[in-house]
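One chain follows as structure tokens, the form predicted alone.
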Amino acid sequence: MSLDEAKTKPHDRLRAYLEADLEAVNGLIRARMASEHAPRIPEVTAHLVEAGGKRIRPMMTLAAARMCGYKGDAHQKLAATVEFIHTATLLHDDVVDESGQRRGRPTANLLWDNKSSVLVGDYLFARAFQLMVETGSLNVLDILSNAAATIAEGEVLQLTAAQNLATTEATYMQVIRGKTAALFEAATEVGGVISAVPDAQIEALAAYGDALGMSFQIVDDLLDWGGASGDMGKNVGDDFRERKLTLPVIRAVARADEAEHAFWTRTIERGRQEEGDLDQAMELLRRHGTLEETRDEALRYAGLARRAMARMPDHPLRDILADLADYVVARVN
């Protein structure tokens, strides 16, 4: 089940509620990704921005501001900022991961080259900071610039922890908090900041974004193993083939006997993977119950997100955002 499967789903209810704002944000994105002197910039950017992404992060900014009663248009600039930061990180990630496909399409680095992807990502970061400054809020600039630094830090930490069986669960949580949750948190927090609501509400929005981002990434990592049941599908096992240590594997390694540890050493640390190894890896995850445990961890964070949203004043968007936290985890039921 996907986030945009049916009109009754929280993601679609949120999109419908924010339709006018999203149209304005999309216009702003198209205008700001233009370049008078380097036509490759809009070509590369449009390939990713217009590839059918769900716009979850910018919608968090718009929803937070609307829920807090904001009446201006700075929330639209901040939503575009968030999308630019996200897109820039995707461009850079695809180069680092040597990816060939994203959202069902060839990646920019495959269609153009690594240099173009990196430099266009840099351009989008610059555009993002221009948009932040235009809001006139030093607090907003502080929050989003810190998020950008945290994202980069999380990516570097993931790089240094990759293929290392000594990677701990705490390191994994730090990685996903950096690479995913930091932008979710900043996206919701700045919506409250520009609305000038009490600190308690801003803190609740930040807590919601952090917990939703953590749940979102844990679910994504779990889906790569076929969900909590480990159902084998056409895209299952990409993380295994790329030797990524996500939560189900980290916990299985921690409980491995000598033979199991030798298997993980060969396939993950040394990269010597053979026919049938994915099936064996899946069996080890089932044996140690780490798929179900990972789902429970995602559910725990979804509960934290819902409780944080309950601290906000009554509003239709509050209920939609709370439902979204549950729905993110429902993808792995």
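All residue numbers refer to positions in the sequence shown, first residue = 1. Computed from a predicted structure; not experimentally measured.
Omitted here: the form predicted in complex with another copy of the chain. The next part is about that form.
Touches another copy of the chain in the predicted bound form: Thr168 (any heavy atom, 4.5 Å): Output for Thr168 is no: heavy atoms all beyond 4.5 Å of another copy of the chain.
Ala46 within 4.5 Å of another copy of the chain in the predicted bound form, heavy atoms: Heavy-atom contact with another copy of the chain at 4.5 Å: absent for Ala46.
Touches another copy of the chain in the predicted bound form: Phe129 (any heavy atom, 4.5 Å): Taking the distances in the predicted bound form, the answer for Phe129 is yes, it comes within 4.5 Å of another copy of the chain.
Contact label in the predicted bound form: Ser116 to another copy of the chain, heavy atom within 4.5 Å: Looking in the predicted bound form, residue contacts with another copy of the chain include Ser116, since a heavy atom lies within 4.5 Å.
Candidate site Arg266, Gly271 and Val332: all three near another copy of the chain in the predicted bound form by heavy atom within 4.5 Å: Verified in the predicted bound form; spot residues all out of contact, no.
Another copy of the chain: the contacting residue among Ile250, Ile176, Val95, Ala74 in the predicted bound form [heavy atom, 4.5 Å]: Partner contact (heavy atom, 4.5 Å) among the options: Val95.
Residue among Ile194, Ala148, Ala207, Ala256 with a heavy atom within 4.5 Å of another copy of the chain in the predicted bound form: Checked against the cut-off, the match is Ala148.
Which of 178 to 186, 194 to 202, 135 to 143, 208 to 216 sits within 4.5 Å of another copy of the chain in the predicted bound form, heavy atom basis: Among the candidates, contact is made by 135 to 143.
Residues of stretch 145 to 159 in contact with another copy of the chain in the predicted bound form (4.5 Å, non-hydrogen atom): Contacts from 145 to 159: Ser145, Asn146, Ala148, Ala149, Ala152, Glu153, Glu155, Val156, Leu157, Leu159.
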